[in-house]
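The chain below stands alone and is given in structure tokens; this is the form predicted alone.
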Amino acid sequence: MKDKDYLMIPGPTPVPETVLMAHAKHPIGHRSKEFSAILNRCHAGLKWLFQTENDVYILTSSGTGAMESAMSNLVNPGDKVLSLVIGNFGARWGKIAASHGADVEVMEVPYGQAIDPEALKARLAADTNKEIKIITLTHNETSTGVTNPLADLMAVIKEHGALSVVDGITSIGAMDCPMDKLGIDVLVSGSQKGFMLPPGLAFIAVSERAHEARKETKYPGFYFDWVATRKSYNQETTPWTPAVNLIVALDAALQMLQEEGLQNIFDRHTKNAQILREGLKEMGMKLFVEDESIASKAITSVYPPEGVTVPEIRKTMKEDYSIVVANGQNDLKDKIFRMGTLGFVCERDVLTALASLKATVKKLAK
């Protein structure tokens, strides 16, 4: 049915009508007092959602732009960067760091697993000269459906003293990621995930420690430079022309999230993921991540049943039931499919998706 498609993927995620209506308003001047008031509310709301007293900057880009910003402001050629990789997006940190001349070391585990804090502790204990300047990691890896034990990993990193740079793109607004409590130096996210917005905005929270490190960076770039960004932030504006309507929509989305409350947001994502996982198991489906302790609350990866292919499932779900689910990525393409419970998703949506999947498998198994 036309205009009926519903996104059950890692992103973009569904957008509430309230947010869509805010986004549809006529643009206002980005140097106006009216826009500064909206920007100030957004900055306050972002601090609340990131659970930080640090500045949280709004970038007109995808989440990868925030990742680029982190590396361009911190990395000098030859700097040692340790990249913790549990999937496709964790690997992206290392690629970006290398593009800025970093000496990148990768600590990788098989997809479907999380980084072992003890393994990280052993590696950092061997860094007796403190050569590792930056450690990058992903909190929630949507390419696999794994959530890293962030608190345990951060405790190890803090003991070593390296700068911690964390991808919270699919955890902020979905899972507990208290920046200040954990001592994270740089934390990034993107609008099309738990923020319940269309793509186009990224967010980066920067600690004072990271700002101090920025002073030693030789080639920080231009568009994503924290010095220009912070100066404008303190003047209640932006350094460059922002995505005005997306920021107006962000204001509406943050108000919705604040009305719901942090713990309720986390509980909703936990409950919806549990309903999905239990429903899949009741159908006899095999989950890619079986360990509940590291299973994502935002995305669940599933093996197709025997005799049925991932492309067939995705095609039938979309054409017959107007529900979009995601394929696997890279080596996991056509081997798993991924169902999202991220952002503006309620229990009804999950139950509908489960019923549609059950009907889909029944059709394809004939």
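One-based numbering along the sequence shown. What you see is a predicted model, and the numbers here were worked out from it, not measured in a lab.
Another form, the form predicted together with another copy of the chain, is not on view; read the next lines as being about it.
Triple contact flag L49, D267 and L276 to another copy of the chain in the predicted bound form, non-hydrogen atom at 4.5 angstroms: No, because L49, D267 and L276 lack any heavy atom that approaches another copy of the chain to within 4.5 Å in the predicted bound form.
Sole residue of Q255, S99, S232, Q113 within 4.5 Å of another copy of the chain in the predicted bound form, by heavy atom: It is S99 that has a heavy atom within 4.5 Å of the partner.
Test of understanding: in the predicted bound form, would V15 fall inside 4.5 Å of another copy of the chain by heavy atoms? The answer is yes: V15 has a heavy atom within 4.5 Å of another copy of the chain.
Is it the case that E68, even though its partner is missing from this view, gets within 4.5 Å of another copy of the chain in the predicted bound form, heavy atoms only? Contact check for E68: yes, within 4.5 Å of another copy of the chain in the predicted bound form.
Although another copy of the chain is absent from this view, report whether T237 comes within 4.5 Å of it in the predicted bound form, heavy atoms only. No, T237 sits far enough from another copy of the chain in the predicted bound form that none of its heavy atoms falls within 4.5 Å.
Close approach of D334 to another copy of the chain in the predicted bound form, 4.5 Å, heavy atom: Heavy-atom contact with another copy of the chain at 4.5 Å: absent for D334.
Contact stretch among 79 to 87, 170 to 178, 119 to 127, 190 to 198 - heavy atom within 4.5 Å of another copy of the chain in the predicted bound form: Residues of 190 to 198 come within 4.5 Å of the partner.
Does any residue in 46 to 75 get within 4.5 Å of another copy of the chain in the predicted bound form, counting heavy atoms only, and if so which ones? Result: T60, S61, S62, T64, G65, E68.
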